[in-house]
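Coming up is one lone chain in structure tokens, specifically the form predicted alone.
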């Protein structure tokens, strides 16, 4: 496990706080092509992940990469999370990881 460059847990609303840094998020896929995925974050924001998504692509995907701006991630790693996922739990994790318990995550 590489811990030299940890990825912050983010939802769509928290992405803007991490522009230029490595992040990880889970998206519900809205549409995709060979170079990007448009998805809905766990807090309802529309996020674009640029890069080559896996084939086949499931309904939920984790993306790890660099936040280019408040709604775009340049993806380095993709992980299919299946067709069912509890986004509210992940959203709460993101809030904790960027708030009161930030010191435990980075």
Partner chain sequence: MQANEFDGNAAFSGGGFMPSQATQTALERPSSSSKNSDVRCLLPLTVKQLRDLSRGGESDISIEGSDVNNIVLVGMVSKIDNADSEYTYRVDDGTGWVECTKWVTKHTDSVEVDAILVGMYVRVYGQLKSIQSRWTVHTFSIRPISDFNEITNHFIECIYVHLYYTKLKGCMNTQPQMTNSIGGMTAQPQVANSNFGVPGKGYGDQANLTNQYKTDEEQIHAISSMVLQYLRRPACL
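Positions refer to the first chain, counted from 1. Remember, it's a predicted structure, so these values are computed and weren't measured experimentally.
Below: the form predicted in complex with the partner chain, not depicted.
Visitor: Mind checking whether each of 6, 24 and 77 has a heavy atom within 4.5 Å of the partner chain in the predicted bound form?
Guide: Yes: each residue has a heavy atom within 4.5 Å of the partner.
Visitor: Just checking whether residue 45 would be counted as a contact of the partner chain in the predicted bound form - the rule being heavy atoms within 4.5 angstroms.
Guide: Residue 45: no, not in contact with the partner chain in the predicted bound form.
Visitor: Residue 93 versus the partner chain, in the predicted bound form: is there a non-hydrogen atom within 4.5 Å?
Guide: Answer yes; at least one heavy atom of residue 93 falls within 4.5 Å of the partner chain in the predicted bound form.
Visitor: Applying a 4.5 Å heavy atom distance criterion, does residue 70 contact the partner chain in the predicted bound form?
Guide: Flag for residue 70 set to no.
Visitor: Even though the partner isn't displayed, in the predicted bound form is residue 30 close enough to the partner chain, meaning a heavy atom within 4.5 Å?
Guide: It does not: once the partner chain is placed as it appears in the predicted bound form, residue 30 has no heavy atom within 4.5 Å of it.
Visitor: Could you pull out the residues of 88-106 that have any heavy atom within 4.5 Å of the partner chain in the predicted bound form?
Guide: Contacting residues: 89, 90, 93, 96, 100, 101, 103, 104, 105, 106.
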